[in-house]
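What follows is one chain in structure tokens, specifically the form predicted on its own.
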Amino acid sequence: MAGPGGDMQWCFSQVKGAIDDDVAEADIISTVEFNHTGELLATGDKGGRVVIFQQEVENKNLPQFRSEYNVYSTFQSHEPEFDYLKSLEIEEKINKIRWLPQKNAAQFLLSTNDKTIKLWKISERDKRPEGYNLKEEDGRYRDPNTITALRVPILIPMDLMVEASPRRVFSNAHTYHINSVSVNSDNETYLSADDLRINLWNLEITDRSFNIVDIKPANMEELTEVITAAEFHPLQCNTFVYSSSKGTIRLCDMRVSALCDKHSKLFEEPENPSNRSFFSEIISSISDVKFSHNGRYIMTRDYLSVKIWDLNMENRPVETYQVHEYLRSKLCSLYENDCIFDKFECCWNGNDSVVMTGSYNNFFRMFERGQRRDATLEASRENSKPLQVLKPRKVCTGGKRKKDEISVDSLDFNKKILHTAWHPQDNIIAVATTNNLYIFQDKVN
């Protein structure tokens, strides 16, 4: 990847998680998210746990070592439940985590499984009160007759404790599985989207939400598309987008009407007839949609590509990047092993100049927008020596394979990077393989 001063090289920083080959289902990472400053990094897993890592202060004496992320707090966000009315198990897997902008000493985040969204408060405590009048230090109550003088309790220092407490639980509003949560720029409301509906919530009110999009047909046999992702505009609190399984993106304006079933803009690229196949509809389904930080562009990820759309141009994307075009000839086997339904996410860097997304074989891809340069890098234990520079990887699609290339037939489709995150200010990235979290940073010269 190229930086402002020529080629940017990425090097290994840390890896979190167990090394075992047999991975417990509960340990599979299902979401990764930096907070607004990048000081905290949260992961959610299939076991319903949230693990938060905190960036340690940089070592002033060793400029080549940037700060490391260490475990700050771990808590059980969701438990498995059972819907007795529908005889359905509701799994505890964390689908999304979204941080709220920090307003005081505490941090707040939203986490959701398939049905229930929770607002968590993460706060620190490093002092405890001592010297109660009615209680002993061990908690036993004192006999009032023995109290002869009043004393003022004092706060004394103690070891730092990080507490996570659920402040709000937003439930019973989604019939289908929640796939997206997005906090509005007004910091008072947020949206949650499932397969057929999008709801608008106030962060203070848990017993009701407003339905703002409903694409459920009167007859479910007429269902042709579902909502796959939704996100609020980063600056305009009235605007949001949602993507569909048909490869379309709809931009809605909440000022126009209370129910946003009629979109303001529809972004859709006409299909190239020469590429038409049995799999066309499946691979055109959008798995992720993200606004750029400046709000001018939308990035979408479908099975084979990343597309950048300008909000002012609806008929085609301004940029298209092929993530793993070499898999087009392998769609049949990817359909048979269900990999064709994998939902890859994508992310922007802090100044919207580079985009990143995952692929198979624990590869991840970066595309530099202005330079039209791209790189394929690998997250693996073999490259996990401190400050080891990542070598670009190449996939060979046929003919003679060069020494450093890997054949498309030897790619491991069980190793995939679905979730990635980019630090909002620095060149630090977090990449989730199955049950490990890799952190890479650019090489500091």
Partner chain sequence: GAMECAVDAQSLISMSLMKIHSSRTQRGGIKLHKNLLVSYVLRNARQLYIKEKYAEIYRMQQYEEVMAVCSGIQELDPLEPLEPQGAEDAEPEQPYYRSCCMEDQFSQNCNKTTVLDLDTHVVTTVENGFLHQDCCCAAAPQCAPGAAARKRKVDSAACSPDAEEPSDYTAGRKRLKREECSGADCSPDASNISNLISIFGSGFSGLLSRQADLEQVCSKQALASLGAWTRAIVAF
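Residue numbers count along the first chain shown, from 1. Just so we're clear, the structure is a prediction, and the values are computed from it rather than from any experiment.
The form predicted together with its partner chain is left out here; the points below concern that form.
Peer 1: Using a 4.5 Å heavy atom cut-off, which stretch among 184-192, 341-349, 291-299, 317-325 contacts its partner chain in the predicted complex?
Peer 2: Single hit among the candidates: 341-349.
Peer 1: Is it true that E92, K330 and E336 each have at least one non-hydrogen atom within 4.5 Å of its partner chain in the predicted complex?
Peer 2: The answer is yes; E92, K330 and E336 each reach its partner chain.
Peer 1: Any chance P80 has a heavy atom within 4.5 Å of its partner chain in the predicted complex?
Peer 2: P80 belongs to the contact set for its partner chain.
Peer 1: Verify the contact flag for Y132: yes if a non-hydrogen atom of it lies within 4.5 Å of a non-hydrogen atom of its partner chain in the predicted complex, no if not.
Peer 2: Because no heavy atom of Y132 falls inside 4.5 Å of its partner chain in the predicted complex, the answer is no.
Peer 1: Since only the chain is shown here, I'm wondering whether M220 would be in contact with its partner chain in the predicted complex (any heavy atom pair within 4.5 Å).
Peer 2: Yes, M220 is a contact residue.
Peer 1: Can you tell me whether E268 touches its partner chain? I mean in the predicted complex, with a 4.5 angstroms heavy atom cut-off.
Peer 2: Because no heavy atom of E268 falls inside 4.5 Å of its partner chain in the predicted complex, the answer is no.
Peer 1: Can you pick the one in S245, N211, S353, Q102 that has a heavy atom within 4.5 Å of its partner chain in the predicted complex?
Peer 2: Selected residue: S245.
Peer 1: Using a 4.5 Å cut on heavy atoms, which of D310, D374, E225, D253 is close to its partner chain in the predicted complex?
Peer 2: That would be E225.
Peer 1: Taking its partner chain in the predicted complex, which residues along 251-285 bring a heavy atom to within 4.5 Å of it?
Peer 2: Read in sequence order, the residues that approach its partner chain (within 4.5 Å, in the predicted complex) are R276, S277, F278, F279, E281, I282, S285.
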